[in-house]
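Provided below as structure tokens are two forms of one protein chain, presented individually as structure 1 and structure 2.
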Structure 1
């Protein structure tokens, strides 16, 4: 549906060059919910604007529905108004001088051949109904709440049945409760309409819950691409592990093994960990162990000895009760780890415990030095 090849874009800002997007290639299958995830400033908005035609890339190809809308080699650059897309902006961009109805009807009024008044009316009303805004059609946009404005933006982006729905951090301006509500709502609408969506966010929860497929970005490049559980369970870089799932990154060395099944013993600053290695990691090589915050289990009383593989003594120096869990800073030997413990663990810092590292929740990455 959407194919991007070798897309690059550099901004010229005050005599300095900002390489915002660097040789990005992506494929978005028809009907899928595709997410660009990455920290702020990594180039997500730039990619989205290149897809929409609001920015002109320096190089590369963008193809929608099998036809190029931008190609540096073929010298093609379709203007945004010819691309037949829908877009939801971070600031909503609901036009304050128009009513809700006029906002949503706008894309229909631009379609060629012209639509009849009646058709515009029915389709606009249907779009408003689908985002549950039927009651406020005649209100001026500034009189709406943030959540309602977001719905107007969504209805406006969908009313003309675009080939592609682009969403640029649509939830970031909403408060926590509305954000969750809109998350499900957007997911529902997109799936119901079967539309292909490209969603931009810096929030891992949004990305993991909503997407069929995620492209993780860093510094203008795509560093990993895959289904949400792929990204979460099989990070391919320390960045991916840290950005999705807040993994602790522990440097280590393969001290024993690996055996035929790939099991090996790794020396880390806080002790020895028994873990499965990915293929291709040899004995004696330096690696990173990714320990998820939830990969530690407190074993009070039942602890064997600390000398046993995967059992360690930790000291918790800070603990915050979040509600569903307790987040703490743990010290094990010279290492500092972020940990997440069950809400019923009775801890009072400084708290010393023996924990088991659940190695099926850990990932080993070969170190690239």
Structure 2
């Protein structure tokens, strides 16, 4: 549905060139919810603006429905109004002097060829009903809640039946409860209408809960792409492990193995870990073991011997009550890691405990010093 090939964009800043997007290629299947995830300044919004025609890339190709809308080699650059896209911005971007109905109907009144008043009314009412705002059509936009104003923006983006919906951090101005409600609402709407959506966010929860596929970005490049489950449980870099899910990165060395099945014993500052090695990692290699906080089981008073594989003795120096769990900052010598305990665990730092690392939840990466 959407194909991007070798897209690059640089900006001039302080008499130098800053690469915002660096040779990015992506494919977004029809009907999917695709997310560009990454920290501020990684290039995700620039890609969205290039798709929309609001920014002109330096080079590359962008195709929608098999037809080029931008091509540096073919000298094609379709203006935004001819790309048949809908866009929802970070700000609500609703006109305060207009009613909800007038805000949503505005794109139809500007369309060519002109639509009849009856057609505009029918399509506007349908768009408002799809976002559950048909009961407030006559209200002025400033008298709506933040969530309602964002739904007005969403209905306005959908009313002209775009072939692609672009969403640029649309939930960042909402409070926590509204963000949760709008995550569900947008996901429901996109799937019910069968729309193809490209969503930009720096929030890993939004990306993991809403997406069919995620492209994780850093420094203008896509560093990993895949389903949310794969991005979370199979990070391909230390950056991916840290950015999505606060993964613990434990340095180690392959002490024994790998055996015929790829299993090995790894020496770490915490103790010895048994886990599966990726292809190409040999005995004696320096590696990093990625362990998510939810991949460790706190054993409390159970005290393993020094020879017990996958058990660490730790001291928890800080504990934060999150609601569903307690997050602890633990130490073993100079090393630090995050652990999770049940929400009703009685803990008073400094708290000594034993954790078991779940073997099948470890990810090993070659060390990149």
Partner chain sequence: MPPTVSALPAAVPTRSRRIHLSEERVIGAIALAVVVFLVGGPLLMLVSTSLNPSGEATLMPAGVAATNYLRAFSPPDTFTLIANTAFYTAGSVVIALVVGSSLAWLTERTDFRLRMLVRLIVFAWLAVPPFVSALGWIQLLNPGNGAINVLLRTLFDLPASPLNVYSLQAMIFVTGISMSPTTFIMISGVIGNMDHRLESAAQVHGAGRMVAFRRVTLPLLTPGLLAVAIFQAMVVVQMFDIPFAIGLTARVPVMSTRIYALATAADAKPEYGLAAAFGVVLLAIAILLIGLYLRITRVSERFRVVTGKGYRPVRQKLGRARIPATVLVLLYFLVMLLPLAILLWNSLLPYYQTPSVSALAKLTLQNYRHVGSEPLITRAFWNTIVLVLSTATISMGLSIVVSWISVRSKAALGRATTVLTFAPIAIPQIVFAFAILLLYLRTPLYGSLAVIIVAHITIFTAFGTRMVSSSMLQLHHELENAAKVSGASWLVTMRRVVVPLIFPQVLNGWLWIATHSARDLTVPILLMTSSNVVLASALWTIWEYPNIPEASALAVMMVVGLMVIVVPLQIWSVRYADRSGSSGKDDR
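Note that the structure is predicted; figures quoted are calculated from it, not measured. Take the two forms, superpose them, and find the largest set of C-alpha atoms that agree within 1.5 Å; that set is the rigid core. Numbering follows the first chain given and starts at 1.
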May I ask which of the two structures is the form predicted on its own?
2
Comparing between the two structures on the rigid core, is the C-alpha shift at residue 163 2 Å or larger?
no
Would you say residue 221 moves between the two structures, meaning its CA shifts by 2 Å or more once the core is fitted?
no
Honestly, after the rigid core fit, is residue 140 moving at least 2 Å at Cα between the two structures?
yes
Core-aligned, what does the C-alpha of residue 96 shift between the two structures, expressed in angstrom?
2.4
